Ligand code: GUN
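Form predicted alone, single chain, as structure tokens, below.
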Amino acid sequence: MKNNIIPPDSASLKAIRGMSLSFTADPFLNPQDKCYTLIEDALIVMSEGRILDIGNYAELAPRYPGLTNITRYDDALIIPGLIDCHAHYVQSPMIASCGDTLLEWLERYTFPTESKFRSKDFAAAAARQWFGAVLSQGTTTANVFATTFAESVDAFFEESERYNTRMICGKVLQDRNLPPSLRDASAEESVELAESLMKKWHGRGRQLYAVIPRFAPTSTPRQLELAGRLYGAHVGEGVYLHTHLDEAEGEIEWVKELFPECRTYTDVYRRYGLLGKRSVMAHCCVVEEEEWRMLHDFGCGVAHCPSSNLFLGDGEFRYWEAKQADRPLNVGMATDVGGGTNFSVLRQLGEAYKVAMLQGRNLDAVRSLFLATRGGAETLRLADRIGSLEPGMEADIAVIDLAPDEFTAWRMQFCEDIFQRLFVLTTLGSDRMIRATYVAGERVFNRER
């Protein structure tokens, strides 16, 4: 795509140069070779936090004779900033904790850890660590759980403002089946606090708010009802609903016991007004056809959390069911830290391949990288702002190193195209895959420094 409008002061522009890849359509639903734009030697021109222009360097550079601030990335691939559709920054202190079942793991590690986030200092320290970790892995947008306390929400958004990242977060609503140290005092007070935080943070700079019932078993019917009202009143303003759904068999059986009047787990959320076009459901591993159709009909998005599912031994996500052609859903990739075992969306792609192979399917690099970029943006209803390298889009960008170490550089000589190289990278899972990360046109991570 081309943009012929040149600001009067070309000296104020900045640009990056190198091979670029950006998706234009969903490769799960269309011929793969029609779904992306690959430019071998691209120039990406940025101004005031957005992409001003992108194209072949030899064709584009003459249009900007005053442009001298160009950073070149050789043996690299420039992509849109990676998108993490489900994560718990408050679980960073307990990542890689040995567990048993999902529910036992929550009781033993998660709830005691999240109880510490009543302290603003503790929350701020965790937020600093989380942002440093994800930015170093090329993630520029994430859909994130805080926890019960306002301090956990404020700490997250304050750190996000410092980097100017586009993030989604919110207070977690949970008023039963948790330790007293983490439990909301009442349904009414919890939703009032969520609403006050929403008014404080939603739309402030690049920050976005989500109404977050943890999952159906930890909210009373009254809390779910009030959460649905809050979401319904503000979804038109870009507010999200974020929760867990159909992660594990034991969880599903518990939901059936608590909500016997509902046909399915998804039906619980429907009954309380929690399904909509900005509802994002994490996991969705053990889903009935009736539920897939309901999620599709309401326009919900789904977050695939592969390393978490493997680590906790939960269900196995079936992307071919989620993407069924007669009722496809928007699907994005997610780290789900701390059930997930790393902060890298690219490493999740390697785990997603394994989850699919366990069920006799495969997931190639074209489709998986789509999930990590434009697919994630579509899931979060942000594809008009992030997830693609096009003029007018926010300049959130990741630079992948195609030879992050000596062995990988040697291995790459046996690859035939860029997608084979990407598959090697995500399978080997080097922690050095990202060379640089840009947020709104500013480089916030540089591996060489």
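The first residue of the shown sequence is 1; numbering continues from there. Values in this document were obtained by computation on a predicted structure and should not be read as measured data.
Keep in mind that the form predicted in complex with the named molecule is not shown, yet the notes after this line are about it.
- Of the heavy atoms in residue 130, none are within 4.5 Å of the named molecule in the model of the complex.
- In the model of the complex, residue 105 approaches the named molecule with a heavy atom inside 4.5 Å.
- At least one heavy atom of residue 336 is located within 4.5 Å of the named molecule in the model of the complex.
- Taking non-hydrogen atoms only, residue 91 approaches the named molecule to within 4.5 angstroms in the model of the complex.
- Partner contacts here mean any heavy atom within 4.5 Å of the named molecule in the model of the complex, and among 364-372, 193-201, 318-326, 304-312 they occur only in 304-312.
- Between the options 347, 214, 234, 206, the residue in contact with the named molecule in the model of the complex by a heavy atom within 4.5 angstroms is 214.
- Just one of 223, 264, 136, 110 comes within 4.5 Å of the named molecule in the model of the complex, counting any heavy atom, and that one is 110.
- Contacts to the named molecule in the model of the complex (heavy atom within 4.5 Å) from stretch 231-249: 244, 247.
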